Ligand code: THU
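Take a look at this single chain, the form predicted alone, given in C-alpha cells.
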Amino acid sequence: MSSIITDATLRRLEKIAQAAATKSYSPYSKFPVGAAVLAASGKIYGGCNVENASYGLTHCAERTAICTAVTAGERHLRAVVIYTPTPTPTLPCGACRQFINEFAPHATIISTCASKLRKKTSLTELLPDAFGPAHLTTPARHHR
C-alpha cells in the first residue's frame, strides 16, 4: 500500500472534509469539524462531529468518517484529513488517534484549516507505541 497521496487526491480529501464541517452538529462547542478518510480501495469517506447534551457521547468527525468507511466495508485506511475553520490546523484528539490506529496504523494525517496552513504528520508520530489489535493476540504473561 503506497503512502503517496497525489495532489488531486489531497484536494478532494480537503474539499470533502471542509464540506463535512458545514454539516457538523456542534451546538455546544460551536466548533465544527469535518474529516475525510482515504481507504486502501481509493474511495473517500467524509464525516463531521456530532455533539450530544451528554458531552461524553459526542462523536468526533474523524470517528464518524471512519465509521462511514467501515459501514461501506472498508477495513484499511491510508490517510485522514481534518478540517477546522480556525486560523491554524487542529490535530486529532487522543481518542481519535487510538480509533485511527485500529484501521490505519501507518496513516498520513493532514490537518487543514481556514488559512493556507497545513500540518502533515503520521499516526506513528502522534501515537507512538500505540496499543492495537496485535496486542490482543499475544498470550498474557503471568508473573508468579
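Residue indices: 1-based, along the sequence shown. What you are looking at is a predicted structure, and each value in this text was computed from that prediction instead of being measured.
FYI, the form predicted in complex with the named molecule isn't displayed, but the following is about it.
Visitor: Tell me, yes or no, whether I44 is in contact with the named molecule in the predicted bound form, where a contact means a heavy atom of each within 4.5 Å.
Guide: So I44 does not count as contacting the named molecule.
Visitor: Taking heavy atoms and a 4.5 Å cut-off, does Q98 contact the named molecule in the predicted bound form?
Guide: Outside the cut-off, so no.
Visitor: At 4.5 Å between heavy atoms, is S29 in contact with the named molecule in the predicted bound form?
Guide: It does: once the named molecule is placed as it appears in the predicted bound form, S29 has a heavy atom within 4.5 Å of it.
Visitor: Residue-level question: is A61 within 4.5 Å of the named molecule in the predicted bound form, judged on heavy atoms?
Guide: Although the named molecule is absent here, A61 would touch it in the predicted bound form, with heavy atoms inside 4.5 Å.
Visitor: Pick from 115 to 123, 31 to 39, 65 to 73, 102 to 110: which stretch has a heavy atom within 4.5 Å of the named molecule in the predicted bound form?
Guide: Stretch 31 to 39 is the one.
Visitor: What residues in 34 to 55 sit within 4.5 Å of the named molecule in the predicted bound form, counting heavy atoms only?
Guide: Residues within 4.5 Å: N49, E51.
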